[in-house]
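Take a look at this one chain, the form predicted on its own, written out in structure tokens.
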């Protein structure tokens, strides 16, 4: 009886395989990027968040740069499959129109396979020398799984051609990235030697780190030159220790706010803190929100690639632009000023980062997020029912918003509640970020994707 059952089961498997072979029709023509799911690309960004958190040297500027190049690689690997789309080559600063490889004419490609190869290779190159063996294996395993899943219905030459194109995109972008001023900056995040300016208005160390992070980051090449030249904030309030001065008032606002914080304001300060090596940095938080939004609309590969590229360009330039003002004015942090002139026992809610105050990096980077999200997920009014659950992985709750401007304003205010930024830092940082976001959305010829 058992033998009969085995024979029947074997026959059933043969019939199933025979039937599947009869239905199998290998795809030999390039399909549009929009037919592919963007799930695997979102998974890569989740993995990159984890790797950023665990890899030494990836402070906020370095993290934003890595996220950016991965997004550009994804976009360039699939742009030939988006109707009417233009490459970023010839549109962004320093990348000539013929700098990137093009697919072979009249040959079939699987853009999903191409993107998989491009993203995996770019991630390896961005984290490179500091990438742990464990995280390298995670990238490799994700790449292999995605390839096997996507290549089954394509002839081997199509799959191999797609992989080769994706890796060629990654290599060309890596060569381009080596000249932007941030290459392997994770090996020397403090860019020593650097001599600290001296003066009562100047930044001084606020914790165990004696040197500020990336004092020469402002010299990095932006993707859009106008994101630096046309977005700089006005000079901060003139430094003064006079209790009647505007600067003293800025410090007193911080002091009074922290002294009288509500429980929710303390929660907000901690939720948005996004400390490096405890989380995947402020840029990582905003990319996590992008991933959540793309998931909520079940975005295609085309929409995911466009979204990550837009946010990547904007985040990268936000940190360069913000670092211009930080090291131009080298402004003392509120905690240092308050200790010297108001109350030596003052304590902040969260840790003060090791770099100057003006303007706020958090505010700048979330400003670009506001603009990119508004353009991609609303009719332009910014209204969206967002429940930001990206902090759950770090033990935080969910924050709810009905408009992306409310989201960005809360993030900016969180630095005020935390006691680490003057109000002017957040106001001007947010304005800078919004300008950069608008530039990236409007000055690049992006395809329309659903």
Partner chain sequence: MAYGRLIRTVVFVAVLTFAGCSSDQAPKEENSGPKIDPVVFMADLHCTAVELRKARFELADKMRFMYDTIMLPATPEPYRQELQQRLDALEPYKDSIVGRSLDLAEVIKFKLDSIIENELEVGEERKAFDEKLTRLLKERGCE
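Predicted model, so just to flag it, every value in this text is computed and none were measured. Numbering follows the first chain given and starts at 1.
What comes next is about the form predicted together with the partner chain, which is not displayed.
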| query | finding |
| --- | --- |
| Residue 184 within 4.5 Å of the partner chain in the predicted bound form, heavy atoms | no |
| Non-hydrogen atom contact residue 34 with the partner chain in the predicted bound form at 4.5 angstroms | no |
| 4.5 Å heavy atom contact, residue 350 to the partner chain in the predicted bound form | yes |
| Residue contact check: residue 206 to the partner chain in the predicted bound form, 4.5 Å heavy atom | yes |
| Partner-facing stretch of 421 to 429, 39 to 47, 57 to 65, 403 to 411, counted where any non-hydrogen atom is within 4.5 angstroms of the partner chain in the predicted bound form | 39 to 47 |
| Option touching the partner chain, based on a heavy atom within 4.5 Å in the predicted bound form, out of 379, 259, 229, 149 | 149 |
| Residue (of 239, 190, 277, 174) lying close to the partner chain in the predicted bound form, criterion heavy atoms within 4.5 Å | 277 |
| Stretch 368 to 388: residues contacting the partner chain in the predicted bound form, 4.5 Å heavy atom cut-off | 385, 387 |
